[in-house]
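Take a look at this one chain, the form predicted alone, written out in structure tokens.
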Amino acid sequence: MKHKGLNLFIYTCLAPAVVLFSVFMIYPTLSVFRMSLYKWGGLSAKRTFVGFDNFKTLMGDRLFLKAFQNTILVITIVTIVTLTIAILFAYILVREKIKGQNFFRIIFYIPNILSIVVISAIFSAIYAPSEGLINGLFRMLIPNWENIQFLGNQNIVMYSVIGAMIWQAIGYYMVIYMASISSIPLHLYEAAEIEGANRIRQFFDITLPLVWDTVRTTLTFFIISSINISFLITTVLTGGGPNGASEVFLGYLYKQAYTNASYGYGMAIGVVVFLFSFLLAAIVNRITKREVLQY
């Protein structure tokens, strides 16, 4: 009787969360899969079942394939560069006992609290062809410098977007890594110094293995969040241009579903994004899995 009362209490506590999760997560997700099988503008009552035709069309859609390519580029470069710089900065600030550590922590974290619109405005000014900071510096150093169209050149526009994303994210992950590194006992580093290990050896033999669980968590989280952030930044900074050169997954989905009135086609893109994100997270978790070290 006691166990039945306990089980009833547990189910009662869990019920609201299960209901909310089902209504706002499971049902919308299943609806996306269902609507991807229809041809529908999104507003009219007429829906035409087309099966997997939307997915077949995707495979030959040049702009979708470009968005897929850009998303892979963003995930690869932004993830590697951001997390590498973040953990190195965190290690230096914690281990080298630099004065004003809290000041640097705040300065690096500020970009993360700024809205995407503000960040895009900052980088629009930095990348501006004639009055921009980068072109201005080059004009001071190099005579007859020809201004670079950072946001107007199809070959470099994605790298310009990637630069903005890296600047925005470094501070957040640096603070996380600083907290994790600070929890490592100092006697481990002292023992390593006695054995003759330098700072680089200490980083790879002590710091990185002991914060690996944090790195794994942030890696998975960052990969998924970069898909969302890339959509926000490209929408404000470039609008997906020029000529679709900076289009990404969610940006193309939004345009198809809500601008071009191809809701079913947009939901097909949503299914691909969902499966891609899920599969990528599973692969990353599998690749980075290792024995947990304790101290």
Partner chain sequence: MNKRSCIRQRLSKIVIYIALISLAISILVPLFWVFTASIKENSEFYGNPWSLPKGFHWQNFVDAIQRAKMGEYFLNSVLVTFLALAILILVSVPAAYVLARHDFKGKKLFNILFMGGLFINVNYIVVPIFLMLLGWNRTAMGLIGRGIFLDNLFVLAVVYAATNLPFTIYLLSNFFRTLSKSFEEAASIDGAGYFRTMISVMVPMAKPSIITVILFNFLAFWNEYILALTLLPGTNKTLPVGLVNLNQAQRGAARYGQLYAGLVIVMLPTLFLYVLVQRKLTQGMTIGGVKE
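Remember, predicted model here, so these are calculated numbers, not experimental data. The term rigid core refers to the maximal set of C-alpha atoms that superpose within 1.5 Å between the two forms. Residue numbers count along the first chain shown, from 1.
Here the subject shifts to the form predicted in complex with the partner chain, a form of this protein not shown in this document.
At least one heavy atom of S180 is located within 4.5 Å of the partner chain in the predicted complex. Contact between Y254 and the partner chain in the predicted complex is found at the 4.5 Å heavy atom cutoff.
Although the partner is absent here, M35 lies within 4.5 Å of the partner chain in the predicted complex, judged by heavy atoms. Among residues of the shown chain, V157 is not one whose heavy atoms approach the partner chain to within 4.5 Å in the predicted complex.
Screening N243, T259, T29, Q69 for any heavy atom within 4.5 Å of the partner chain in the predicted complex leaves a single hit, T29. For the options V78, I206, I87, I170, the residue carrying a heavy atom within 4.5 angstroms of the partner chain in the predicted complex is I170.
Contact with the partner chain in the predicted complex, defined as a heavy atom within 4.5 Å, is made by none of L58, L65 and L73.
Although the partner chain is not shown here, in the predicted complex the stretch 235-249 places heavy atoms of T235, V236, L237 within 4.5 Å of it, in sequence order.
A282: CA moves less than 2 Å between the shown form and the other one after rigid-core fitting. With the core held fixed between the shown form and the other one, T29 has its Cα displaced by at least 2 Å.
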